[in-house]
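One chain follows as structure tokens, the form predicted on its own.
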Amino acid sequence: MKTETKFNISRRHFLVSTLGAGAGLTLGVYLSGCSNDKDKAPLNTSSHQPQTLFEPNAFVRIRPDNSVTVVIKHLEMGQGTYTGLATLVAEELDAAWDQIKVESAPANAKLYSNLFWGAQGTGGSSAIANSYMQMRQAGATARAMLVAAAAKRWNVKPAEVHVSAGKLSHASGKSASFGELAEAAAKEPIPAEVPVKDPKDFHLIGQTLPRKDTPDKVHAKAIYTQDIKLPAMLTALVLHPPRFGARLQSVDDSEAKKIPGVQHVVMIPTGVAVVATDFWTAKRGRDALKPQWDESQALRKSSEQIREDYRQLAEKPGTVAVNNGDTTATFKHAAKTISAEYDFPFLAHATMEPMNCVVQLQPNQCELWYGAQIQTMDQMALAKLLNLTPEQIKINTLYAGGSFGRRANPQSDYVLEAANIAKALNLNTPIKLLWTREDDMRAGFYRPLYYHQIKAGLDKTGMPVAWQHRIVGQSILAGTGFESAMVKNGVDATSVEGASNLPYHIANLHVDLHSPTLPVPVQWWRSVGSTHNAYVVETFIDQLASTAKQDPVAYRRALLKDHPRHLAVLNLAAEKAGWDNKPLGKDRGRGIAVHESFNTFVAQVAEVTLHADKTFSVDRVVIAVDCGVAVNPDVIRAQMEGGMGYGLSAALSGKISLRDGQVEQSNFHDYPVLRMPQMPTSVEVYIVPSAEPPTGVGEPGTPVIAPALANAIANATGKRYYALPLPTAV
């Protein structure tokens, strides 16, 4: 059945596209919240034209072959967004899952904006959260028009038309497919309001459905940037400065130009580019360059020197993020005071697919092909560089081999590099910019290095009555388009998230922040501020429980009495892990952590075994997650497992270090990522049933594993660790 919940649909129309004689029409849905454009003329699209030339301003297209194409406004980078968003449409449309196709939306913020941002882009685990009702409305509206068309054709009441698995039917025996009714439905008036289903009537939402991106990936049909091959296309590599803050002064390119296939050597703002017929020729040409760098403004410090600067800075009060109660007075009367210092290194994103982009610059237009994560931001940056309008920047969004925040670069760094090369050459020739692993490791953007000081005052029962937390680290928002919205009174919200919104009931809470400036380029990294704040909070809470001689789960339960969703995942994880059962035994340990990020609640229990050589292995991880309505449980489990693995990788070995201003790491041999044998033998994911609106799952699994693991090691050894990555021998 349908509920009486209604949504106003304004400023929409259906595009009626002739597909050739006898081919029928395409039914498209255009919804409020997607565009402020005036009605556009119908698109006349011949059936002889390639499908890629059809640019729908719609979320739903139904073709005469009965296929339903769902246009996806968010980047598919492995997190399952193609599947999740398509499920929402298919549910309300009552389509069969196998008739659903997906297609990436063109870059057009008026049509396809992230409703949380007002710009088109993917990030902050917001894809399902911002699209949940929008995509359901799209499906429900198309369904209503199909029903109206069927009722008119069969001369029956709309309420008598049944829709199931892509077919409409009537008790009289009449039936028709979506495709057969597409032309007639396109002529129907758009309903002013559409009901959506009561959750009890869901038959796709909440089910494990096959992912829509899997077949193409398995059969090597998925198109990534590296797969793009255009006529006369050239390949470009950029030589970046060896130190942050340095600039190219001059370059001797005579030897590079002697290499057959090297076409051009051009200076651009970020370095010098070699443009050649293929990658290896471009690399050989780049290796042959003899640059002179101006390092007068370059960073020459090591990571340890930066840490020492931060430690000194932390001796002074920072900018206040939150100040509840009176911590100063409470500390004076506390029965006991516990304090600690924490260190976190720079981190690389280490995506499987390094940065790349194909650009073709022509008069009055620039067309690009790449895994675009924030299309609007890139369009604006490119338009400014090329003296074009954003509408003249056409972005073809492809699959991306991971991102973890890297492709959502607030400076549009690698995209602008590609455009700068094309602009300097002033050719119509397509340019494919490639970054090697070493390029991104040594000249990319990083999770900032952080230093923390934390102190708690305990009462006679061992419960915290005062909490003081000082954080020192670069702002990732300063100087970006997000600064005005997310830096308030000098506090970068991403630096303090997970610390300033502490869920534990502590009456006197003070959190402050120092945001020093460095020439090291930084940006968000999967789960952003929670990457370090969750570790500090959850290992410190564990230490307080130990000091109070209380069980870590019971201690947290007492402090989370006002946060039922935190408490629910904590209890579920503890129950499924057998927390209250007998101890694990000699040389084994168990630890727990709970954290909220991106409005999703996650608890994890880690179990470890100590070995004779003092190394340890992670045997089991139990994860409980509350992300509201579970649109696709299998995708949620996969993201919890993958996010945990990504966080475990950072906990065990993630570290970018500087020496004399230069990054020491270059590839996976010295910046190792988690290998299969290091993955826990058992990973269990449990989803809390919920009727709350869905929230993100791409990031919230990442920050919880490191504190759970550290707490497990402390449980086994009695030793606590205040820096990441953890030592290999404990």
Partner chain sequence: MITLTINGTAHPLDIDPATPLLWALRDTVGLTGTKFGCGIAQCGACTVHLDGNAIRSCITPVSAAQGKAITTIEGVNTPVAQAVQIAWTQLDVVQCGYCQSGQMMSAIDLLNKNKQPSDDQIDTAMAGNICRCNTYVRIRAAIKAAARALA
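For clarity, every value in this text was computed on a predicted model and none was experimentally measured. Positions refer to the first chain, counted from 1.
This protein has a second form, the form predicted in complex with the partner chain, left out of what is shown; the following refers to that one.
Taking the shortest heavy atom distance, is K384 within 4.5 Å of the partner chain in the predicted bound form?
No - in the predicted bound form, heavy atoms of K384 and the partner chain never come within 4.5 Å of each other.
With a 4.5 Å heavy atom cut-off, would you call R442 a contact of the partner chain in the predicted bound form?
Outside the cut-off, so no.
Hey, in the predicted bound form, does D213 get a heavy atom within 4.5 angstroms of the partner chain?
Although the partner chain is absent here, D213 would touch it in the predicted bound form, with heavy atoms inside 4.5 Å.
Report yes if any heavy atom of M679 sits within 4.5 Å of a heavy atom of the partner chain in the predicted bound form; otherwise report no.
Looking in the predicted bound form, residue contacts with the partner chain include M679, since a heavy atom lies within 4.5 Å.
Going by heavy atoms within 4.5 Å, which of 169-177, 314-322, 434-442, 103-111 lines up against the partner chain in the predicted bound form?
Looking at the partner contacts, the answer comes out as 434-442.
Checking a candidate spot here: are D326, D459 and L502 all in contact with the partner chain in the predicted bound form (at least one heavy atom each within 4.5 Å)?
No residue of the spot touches the partner chain in the predicted bound form.
Given that the partner chain is left out here, which of L209, L398, L559, L416 has a heavy atom within 4.5 Å of it in the predicted bound form?
By the 4.5 Å heavy-atom cutoff, the listed residue in contact is L209.
Just give me the single entry in A348, A246, L544, I506 that has a non-hydrogen atom within 4.5 angstroms of the partner chain in the predicted bound form.
Only one option qualifies, and that one is A348.
Of 667-695, which residues get within 4.5 Å of the partner chain in the predicted bound form if you count heavy atoms?
Counting only heavy atoms within 4.5 Å of the partner chain in the predicted bound form, the contacting residues of 667-695 are N667, F668, H669, V673, L674, R675, M676, P677, M679, P680, T681, V683.
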